[in-house]
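Quick heads-up: it's one chain on its own, the form predicted alone, in structure tokens.
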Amino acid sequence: MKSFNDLADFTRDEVLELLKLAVRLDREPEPEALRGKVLALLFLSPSLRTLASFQAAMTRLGGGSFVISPDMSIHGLETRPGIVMDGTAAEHIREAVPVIASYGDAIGIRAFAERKDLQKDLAETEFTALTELIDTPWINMESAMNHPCQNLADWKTLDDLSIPENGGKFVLSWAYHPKALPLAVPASTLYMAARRGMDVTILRPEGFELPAEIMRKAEHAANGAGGSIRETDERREAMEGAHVIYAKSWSSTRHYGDRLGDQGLRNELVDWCVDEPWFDTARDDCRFMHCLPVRRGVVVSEPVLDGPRSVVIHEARNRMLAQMAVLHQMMGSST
């Protein structure tokens, strides 16, 4: 495996093999599998779970890792293209990335969207510019439109909970957040659920529709897997018979890159906080998922988050296991 960037790059059988490997590595640890191997971790965006879970995964497989972020560099890292470097930063990311990559057997890169130009972000322009600088195997730890490690972990979580593939109802719901957030998690989560073959409903207010390109990709995946995609702003209808609600806030695509326009829409939607009444028409055992971090009382109520519906901790642990499978395939002796 030379890269792990998007579940769409893999066949269904390849995804299922990774999931089986994640289960096996949990049950039958291989503490020497990556002995002597090094994973470089470049964080151009902040992280808690991604950072900790990758370090834990490498340690459990017998390897090592190191972390670089602009804040950690004694020189300061410049990330802007075409810049005259007469300011504080003494090193450009174009030199830093290949150097960092050369110190590891693989590199993970995390770089959020700029969220200024939707078409540029949909094309993954900035992230691609980074990966083109290296020939080391690489992992997308979250880019403008992809978060494949989260997606693999979420697929495993659904399997662990015996949520049906065909016939399983998955609600991807927008939720209120005081800030405009990236599209990577909702876009790639939609694809994951569609690729799994589920009946997916996107529950979102007007102005927060996902881009047409993202919808077409998910619809193609659903058609191939026996699932379906639909959108609505009607909560009771969306939640009827739901097995899972996956809550996540994202930027308004109607006002993409327009902070004030986005805020104007967002300010009217503080009631989009997942609470127990949301589940009135759902299955009794409907589960609550979220990638974390999550704002209590803003995105979801404490009774839901702390109650039996919530599987967010299980979901977060699966990040480590899913990444162990990816690292094993990428750097293990069998590759």
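The first residue of the sequence shown is number 1, and the count goes up from there. What you see is a predicted model, and the numbers here were worked out from it, not measured in a lab.
The discussion below concerns the form predicted together with a small molecule, not included here.
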property	result
Residue contact check: residue 291 to the small molecule in the predicted bound form, 4.5 Å heavy atom	yes
Contact test in the predicted bound form: residue 150 vs the small molecule, heavy atoms, 4.5 Å	yes
4.5 Å heavy atom contact, residue 110 to the small molecule in the predicted bound form	yes
Contact flag, residue 48 vs the small molecule in the predicted bound form, heavy atom cut 4.5 Å	yes
Per-stretch contact check against the small molecule in the predicted bound form, the hit in 264-272, 300-308, 39-47, 58-66 (non-hydrogen atom, 4.5 angstroms)	39-47
